[in-house]
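Only one chain is given next, in structure tokens, and it is the form predicted on its own.
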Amino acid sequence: MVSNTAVTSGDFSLNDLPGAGRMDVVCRCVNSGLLLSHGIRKNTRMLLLLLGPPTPPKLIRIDGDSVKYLGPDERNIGGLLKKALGQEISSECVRSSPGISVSKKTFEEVMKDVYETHSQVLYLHESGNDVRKMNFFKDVCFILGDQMGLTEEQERIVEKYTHGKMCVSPLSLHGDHCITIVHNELDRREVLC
């Protein structure tokens, strides 16, 4: 998930996540991406590229197979992100808590990394191919923008490092809802196979 507005320092209030560059949107996406009713998706990794002020870019990686202390409420998730953003970092990953690390990577560096490490990279976009007509590889990666979407420059970079666009609805949806639909589609195909 790419957020062009979410703050990039740990100096924000958990009582005002929307005021932290819409960190509430990021938290909801983490919830949808990693949490089940009574557990965590162990086979899922979330990359959160935060590009808001004051010190962008910051890449937070959350590994479902090793994350601890992740609860479903935005305040809990916000607290874990706040701790990650408070770390002294460089281009190398720094662990902030079990299963969560943070580094400094540009949008293009992140896109290049996911392209080189995944057999399939798809951009979730309203003008993409219908999710129900798509075939997925086992190690698929999905790129998703925040409430503002990606910039034109970011979309040019995405075109270089993805295998196409995919849409999940004929309507414009919230990012966390898109993630839920994608997981549902993947879950159903795994069960039905």
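The shown structure was predicted, so the numbers you read here are calculated from the model rather than taken from an experiment. Just count from 1 along the sequence shown to find any residue number.
FYI, the form predicted together with a further copy of the same chain isn't displayed, but the following is about it.
Trainee: If we take heavy atoms and a 4.5 Å cut-off, which stretch out of 134 to 142, 163 to 171, 58 to 66, 45 to 53 is in contact with a further copy of the same chain in the predicted complex?
Mentor: Of the options, only 163 to 171 has residues within 4.5 Å of the partner.
Trainee: Find out whether any non-hydrogen atom of residue 32 is located within 4.5 angstroms of a further copy of the same chain in the predicted complex, and reply yes or no.
Mentor: Judged by the heavy-atom cut-off of 4.5 Å, residue 32 is in contact with a further copy of the same chain in the predicted complex.
Trainee: Going by a heavy atom distance of 4.5 Å, is residue 151 a contact of a further copy of the same chain in the predicted complex?
Mentor: Although a further copy of the same chain is absent here, residue 151 would stay clear of it in the predicted complex, with no heavy atoms inside 4.5 Å.
Trainee: With the cut-off set at 4.5 Å between non-hydrogen atoms, does residue 28 touch a further copy of the same chain in the predicted complex?
Mentor: So residue 28 counts as contacting a further copy of the same chain.
Trainee: If we define contact as a non-hydrogen atom of the residue within 4.5 angstroms of the partner, is residue 72 a contact of a further copy of the same chain in the predicted complex?
Mentor: Residue 72 belongs to the contact set for a further copy of the same chain.
Trainee: From first to last in sequence, which residues of 24 to 49 have any non-hydrogen atom within 4.5 angstroms of a further copy of the same chain in the predicted complex?
Mentor: In sequence order, 24, 28, 31, 32, 35, 36, 37, 38, 41 come within 4.5 Å of the partner.
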